[in-house]
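Here you get one chain, nothing else, as structure tokens; it is the form predicted on its own.
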């Protein structure tokens, strides 16, 4: 069974710019993934405003019975979040690595327009390798 079920990348306006499903069960259609991304963006923004902690950057981890949702927000406001098996502890490092791939292969691509959906073969190839490497690392733990 896969540790990571899906990956979402949301632009600073709350629009879904990348979605990849890695799980075999419970696949979402396009409308559901758009709704989930929009809902997460809104919850993240509300949590920043309601938090009693000064300098709160929003929800980083949402734990449920059947999944965990880990989120990383870049300084530009782009959010990266993965839905994964419950109890996985290393997702922050993986999300930061995905962000590095995003900066290397998407933002440096001269044909990519900011805030638009990501269509970059090198990004998807390196992302798949990172996820595969992460899965192998989980088996060895």
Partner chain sequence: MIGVGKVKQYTNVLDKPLSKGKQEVSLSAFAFLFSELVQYNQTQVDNIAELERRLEDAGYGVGVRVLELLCHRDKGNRRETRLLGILSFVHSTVWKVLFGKVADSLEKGTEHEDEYMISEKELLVNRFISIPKDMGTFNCGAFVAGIVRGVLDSAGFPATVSAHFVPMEGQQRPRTTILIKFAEEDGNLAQREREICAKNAAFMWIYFRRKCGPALLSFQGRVVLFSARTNGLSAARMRERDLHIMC
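Residue numbers count along the first chain shown, from 1. The structure presented is a predicted model; accordingly, all values stated were derived computationally and were not measured.
The discussion below concerns the form predicted together with the partner chain, not included here.
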*Is residue 107 close enough to the partner chain in the predicted complex to count, meaning some heavy atom within 4.5 Å?*
yes
*Should residue 125 be classed as touching the partner chain in the predicted complex when contacts are defined as heavy atoms within 4.5 Å?*
yes
*Would residue 16 sit within 4.5 Å of the partner chain in the predicted complex, counting heavy atoms only?*
no
_With the partner left out here, check for me: in the predicted complex, does some heavy atom of residue 120 sit within 4.5 Å of the partner chain?_
yes
*Residue stretch of 63-71, 40-48, 97-105, 27-35 approaching the partner chain in the predicted complex, non-hydrogen atom distance within 4.5 Å*: 97-105
